[in-house]
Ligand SMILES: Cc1ncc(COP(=O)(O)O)c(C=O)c1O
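Next up: just one chain, as structure tokens, the form predicted alone.
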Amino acid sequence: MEQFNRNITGLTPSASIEFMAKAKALQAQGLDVINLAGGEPDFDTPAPIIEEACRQMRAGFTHYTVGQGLPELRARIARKLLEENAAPYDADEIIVTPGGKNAIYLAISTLLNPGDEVLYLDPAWVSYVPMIEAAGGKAVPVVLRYEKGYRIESAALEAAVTERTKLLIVNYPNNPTGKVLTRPEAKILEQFLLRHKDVILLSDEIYERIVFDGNTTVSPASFPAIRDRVITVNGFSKSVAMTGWRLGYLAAPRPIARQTYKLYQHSITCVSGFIQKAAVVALDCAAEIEAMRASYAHRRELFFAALNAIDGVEAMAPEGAFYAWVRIEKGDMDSFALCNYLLEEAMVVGVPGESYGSGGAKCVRFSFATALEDLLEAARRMKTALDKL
């Protein structure tokens, strides 16, 4: 029998991708399915970005690019990080990657040796644990509680850390809960790193521009005492509706960036030059980004009002990102059973909360990055289905 890498064969498939695939299969059959499983903005990529990419392609900028990314893009990212996040990185500490997901994968693969432990805040995006395991590491959850508003607590971090801990991964605004990193919680992370000098922090900030109610994001790299141990990951998929362009970046202290670039050279080579040129324009699309954010805020208000009107449903309005993290108390059904029930009875697709960890019991994640009429119809259908239970 053919033998495979055990680190890969043991991986759990992505629940969000699986449920998105179920939705697409049913839609292909002509069924009226409302797909709220994916993290896909429903807006077109802003026109100035598309126009710049087309201009660069017509100009012949379609060949290999050499290095960690185009110098002008890395310089613009460095300026953005300093001006918007108070995170001081030099351009040579930035690597442009095919999506933020790849940036995280490269960083994890570069840092871990077999048996190294990685702490992650649970609930967590579904790909962190498989990436850790693929690199031969051990994923260790730091479970945050629904009842406590998923706040970071020093005691929970200390209970999970060991001498094998190499990395701590945080994600704010958070997928799936929608929580933002408050300054007091960021200080908890800072103090944790100061107590544990060998731990590196990876901060996934892909949703940082999508915040509500006057909330602001805090970048851990803005704390000078720990800046030399913070990797910041971001990208263009969510905030500028560039999911299919596959463009992200990591900013890391120079020694980490240099090692990560070795793996990058042997696995990626480069990101398309015309896409990088368009990304320079994307970083200046403030008006378009704000228009999308404002639309999400309006949808959030109406969708959450409809969800909370359903008996047995509690939906905490997110502080950021575009997900409804919904707790559903209906009998003994777990989140997988609930999602399958809603798919069968309501033709509405969400993602089981337990696929994000034990902190997601009884929860379902729905994306509200879709048309308002579809969101309100989904809530209506869910009410009809759940009232039967």
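Numbers follow the displayed sequence, beginning with 1. These figures come from a predicted structure and were not determined experimentally.
Note that the form predicted in complex with this ligand isn't included here; everything after this is about it.
Trainee: Based on heavy atom distances of 4.5 Å or less, which listed stretch (223-231, 112-120, 88-96, 203-211) is in contact with this ligand in the model of the complex?
Mentor: In short, 203-211.
Trainee: Is it the case that Ser335, Asn340 and Arg380 all touch this ligand in the model of the complex, with a non-hydrogen atom of each within 4.5 angstroms?
Mentor: Not a single listed residue reaches this ligand in the model of the complex, so no.
Trainee: I'd like to know whether Ser219 contacts this ligand in the model of the complex, with contact meaning heavy atoms within 4.5 angstroms.
Mentor: Close contact is absent here: in the model of the complex, Ser219 is far from this ligand, nothing within 4.5 Å, heavy atoms only.
Trainee: Does this ligand come within 4.5 Å of any heavy atom of Gly100 in the model of the complex?
Mentor: Within the cut-off, so yes.
Trainee: Does at least one non-hydrogen atom of Gln276 fall within 4.5 angstroms of this ligand in the model of the complex?
Mentor: Gln276: no, not in contact with this ligand in the model of the complex.
Trainee: Give a yes or no for Asn175: in the model of the complex, does one of its heavy atoms lie within 4.5 Å of a heavy atom belonging to this ligand?
Mentor: Yes, Asn175 is a contact residue.
Trainee: Just one of Tyr264, Tyr128, Tyr296, Phe303 has a heavy atom within 4.5 angstroms of this ligand in the model of the complex, so which one?
Mentor: Checked against the cut-off, the match is Tyr128.
Trainee: Among Asn171, Ser239, Ser272, Thr260, which has any heavy atom within 4.5 Å of this ligand in the model of the complex?
Mentor: Contact residue from the list: Asn171.
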